[in-house]
Every structure is written in C-alpha cells, then in structure tokens.
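One chain comes next, on its own, written out as structure tokens in the form predicted on its own.
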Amino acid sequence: MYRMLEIDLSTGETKVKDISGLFSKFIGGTGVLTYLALRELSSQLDPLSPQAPIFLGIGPFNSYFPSASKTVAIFKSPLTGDLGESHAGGRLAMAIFASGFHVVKITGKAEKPLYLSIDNEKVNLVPCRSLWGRSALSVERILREKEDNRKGKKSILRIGPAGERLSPIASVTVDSSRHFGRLGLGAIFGSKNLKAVVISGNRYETIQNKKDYLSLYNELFKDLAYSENTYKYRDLGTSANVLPLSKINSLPTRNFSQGFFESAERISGEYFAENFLAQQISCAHCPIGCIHIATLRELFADPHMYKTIKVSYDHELIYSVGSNLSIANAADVLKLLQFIERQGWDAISIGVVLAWATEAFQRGVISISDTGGLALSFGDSQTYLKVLEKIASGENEFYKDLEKGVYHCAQKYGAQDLAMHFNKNEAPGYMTGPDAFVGYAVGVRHSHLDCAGYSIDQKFLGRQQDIEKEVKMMYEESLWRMVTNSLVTCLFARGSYTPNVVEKGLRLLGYDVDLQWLTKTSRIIHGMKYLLKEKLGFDFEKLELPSKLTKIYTGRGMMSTVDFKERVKVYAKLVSQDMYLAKEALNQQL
C-alpha cells in the first residue's frame, strides 16, 4: 500500500490516505506529486500563504534498489511563480519509507516556530523558538542529539536564517550536506514557521520473489559500485567538470563574460582532491560515493589556535562562487560556501546574484551608497564575505534585495542585460551552447538536470548544428527522466537504470508494466508537468535568452536569439502532444 501523510500546521490535524491507485498510474515520485500539485496549485495561489502545499515524495524503487536514494519536493516557487521542483538525497527517502509513507503533504501555518517530528505514524508539532535564528548547520546538530531515541535511522530537514527571512532563494538542508536547493522551498518552510522536520521509522516491507530480486539487486549494485558509468562521480565527483569545461570555453566566468577561467586549475576537482578532500560519502543505500567533503583549517586565535570546518563541494558550487566570481583561491571558495551553508541560501542563486551585483557596480548601475561603501570587484573574496554578512543582517534596502534573486534586482536597479536567469531562475554552471540554454528555459524545473542539453552540446562540438535532431534528443532524455524521477533514482545512476532494468524491477515490486506502458506513462507525466506550468502562467512564446549570451563565445560559438527561439518552438511542438495525452489520462482518472 502506498500512503500519503497530510499535516496541517494551523490546526495540528493529520490524515492518512491510501494513494496506491495514483502509484499504479503515475509510477510514484515526481509523477504522483505532479498529479497532486496539478489539483491544488494555481496562478492565484500565494506560494507563501498558509494554503500553499509542500509535497515530499518517494517512489517504488526507494529502499529496494541501490542509488534509488532521492526524495522529490514539489511546490509553487516563490522565486519564479512557476512549478517548483527540487530533489534531495541523504537519508530522507529511506526515512520516509521506514515511517510507512510515500508522500508527505504539509499545509497551514503554525502560530509560533516549530519543528515536525514524524516517527512511524506518530506526528508531533514541537515548539522550537530557541532554534529560530540558528544556522542550518547548528540546528542539525541540536536535533540529532535531542531526537536520539528513535526507531531506525532519522533524517533531518531544516532551514537557516535565509528561509526565516522568506528569501526566495533559500534552500532546505537535508542531513549533513544534501539540499532541496533550487527555487525557494526554504522560504515556504519559513512562511509556515516550520524550522525543521525530523522523520524516522522502522517499518519495512518483504519481497516475495527474493531470488530474482537479489539477482537484479546484485547486478545493479555491481554496476553502480564499479563500472565506468559512475567512475567520474566516485573519483572527483562533478567537480571533475571544471577543467574540461574551461578548456572547451564552457565554464561561466565573471558573470558569464567568458567561457574559460584562466585560474581553473586552482579551483579544479583535481586541486580540491589533492589539497582539501577529507572524505567521500554516500546517500543512504547508494554505493557511488559522489559527495565530496573538504576540510578547511582557520586560525581563530594566535599563535596556533585553529578550527577545522567541513564543507561539501561540487561543480555547481565551484562555478557559482569560484569562476563566476573570479575567485582563484580554493580556500576562499570554501569560506564563501561555508557562510552560504549556514544561512541556507541556494549556492547557485546567491553566486549569480553576487556576479550580477559586481558587474552592475562596475558599470555604475549600482552606486557606492547602495553598497554601504564597499567596492565590488571580481576576485575579491574578502569583500564578497562582507557582502554576504550585510545580506544576512539586512543592513540596507540594497542588501535585502540581493537575497530576492537576480531577476528582482535587475528589474529594480537596472542592468537587466547582465542578469543571468531563465524564467527568473538563476543560470546553472554550463555555457556549452544552445542546447544547454534552451534546456534551462524549457525544462520542467529550468535546471541543467531536466534534459541534459549541456551534454548534447558537447556531442555536437565542432559539428554542423541540427536543430531538429538536437531538440529531439533533449526531449527524449527529458521523457526518460520522468520515469527515473518517479522511481525515484539518482540521476547519476541513469546509465544503470535502463528501460529493461526498470521494467524488471517494477514487475518484481508488483507493477504490471511493459516498455510500451513506461513510454506512454513518461509522456503523460511530462505532459502533466506542462499542464501545471501552463496553469501557473508559463508560456513557451515568452521565453527569452539573456541578451548577454548573444555577445560572448560559448563552447559552440556565438548564440543568436533566432536560433534560441527556433529550438524552443520545436520543443514546444513535441510537448504539445504530451499535454494532449496527459489531458486524456487526467479525464480518465477523474
């Protein structure tokens, strides 16, 4: 049985619903949550209102197969007003499963700050005024000790002060170093006076066909732990991308002013591994070990009083506060990331905001009076730390605006041509060419993880472009990700979870499916995404390429607005067919 736990923070009431029928139709994870969100989200709904729901969901593969380690969050984004979807690892998926649920829905608003305690079916709303204002890092330590006497392994979600301030670029931190990073879920937690969620349980299901199950499990485990499919993630993690991207003119540098960073070697994955890497860890039930943790020693009192801090890093973080800010010192990158982690901002978004502010200051759009006397300059990590401190303290109107996102800042102060966003969401760290940028614009989350356009760009390096073929490749990749994100598996494991493997795994778990069903269902889920986005105001025809990208060289040369629009048009035509299928499926469901 697949069950949903509903919690109303305003009243303290809880409900449990059987949603097995939805899992049989939409697989689970992102498929089921999209259906639920489609019924409740609207263009009129304020994402920070008590009525705005948060959906957390897992899929049928979670806790059964290796690297099925993610949890999906779906909400209305306070940053874009569009569909908000983010995925996080850690122990959360396993904890939700062990508590006896597959979906957790949170609505309402508590009168005073609290955290949710979920232990199997026991749900408590625990006042926590003393935690309000504390960093995302310290809250995890406090609650891990306080909630020590629990059944099974617990998972802890929490926000930092940025979420309390309702920053639309605030994230939710999960366990030691994972995040629901993008699109502002942290602000929604803050709007509900919800500081944290602690979830655990000890309920586990049994497998009927153990022989075939173990055979498939062992096959997957071996492939994920030892094959070339995952070697990159085991070795350097995604920070392995820094040097190769810089070499092909695809690493955003100084607010996307160029695609190569002259000091890329000093912030590369290799450099971090040789000088700062302390450990590699995995999400629960994952053999890959892609999470890279650095240690940084800091002198806090003369002559030899040091403190050691641990900071997770990856390509996106190195890009956002490294190359994009022209920071060439790896230790300085870690210091910035540590401050961002404590506050609970999305590191990609805050890095893009800082880059915009710097270039806008240098052009005279931002004045010295706005910055309170600070002169913003690329490469000046000490000043960037001071800027982050001023944002955190809300020193003046300008600094309060900076944590509202780059679109908001550009609309208010000017320099829109310098604002690197797609549909109001700050740009990820790949400037490989047209497919990457179109992917950010059209994708269901406006993320580099939607349809891997950056990868397709690299396949076409030095080749004549083929718009129809390239867009079709992006579309087909997006479709399959509807399946993997519904199961819910980590996208780093996508090479192992082939259609045949997925079909076999679902059959072992009681699903009556075949490849034709999987293909059709992926299109239905894809179509539901765009029905929901359309309902929230999304329009393919209104998508724009940041004008700065038409004036610089990317991995595939200069971009043009005409090329961008043509690719978007082709993608929209493919999506329209899926939206038609989704409407038919929804009519049958109703």
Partner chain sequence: MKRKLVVKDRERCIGCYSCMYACTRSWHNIIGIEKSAMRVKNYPGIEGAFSVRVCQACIDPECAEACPTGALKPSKRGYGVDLEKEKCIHCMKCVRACSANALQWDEETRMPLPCLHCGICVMYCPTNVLEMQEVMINVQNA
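Numbering follows the first chain given and starts at 1. All of these numbers come straight from a predicted model, not from anything done at the bench.
Same protein, other form: the form predicted in complex with its partner chain, not shown, and the subject of what follows.
For C286, a non-hydrogen atom is located within 4.5 Å of its partner chain in the model of the complex, even though that partner is not displayed. In the model of the complex, at least one heavy atom of I207 sits within 4.5 Å of its partner chain. A residue is said to contact a partner when one of its heavy atoms sits within 4.5 Å of a partner heavy atom; R91 meets this definition for its partner chain in the model of the complex. Contact check for E140: a non-hydrogen atom falls within 4.5 Å of its partner chain in the model of the complex. Only one of L491, L515, V126, I281 comes within 4.5 Å of its partner chain in the model of the complex through a heavy atom, and that residue is I281. Proximity to its partner chain in the model of the complex, defined as a heavy atom within 4.5 Å, holds among K247, K151, R297, K504 only for K151.
Residues with any non-hydrogen atom within 4.5 angstroms of its partner chain in the model of the complex fall in just one of 547 to 555, 522 to 530, 56 to 64, 27 to 35: 56 to 64.
Counting a residue when any of its non-hydrogen atoms is within 4.5 Å of its partner chain in the model of the complex, the hits in 172 to 190 run S176, S177.
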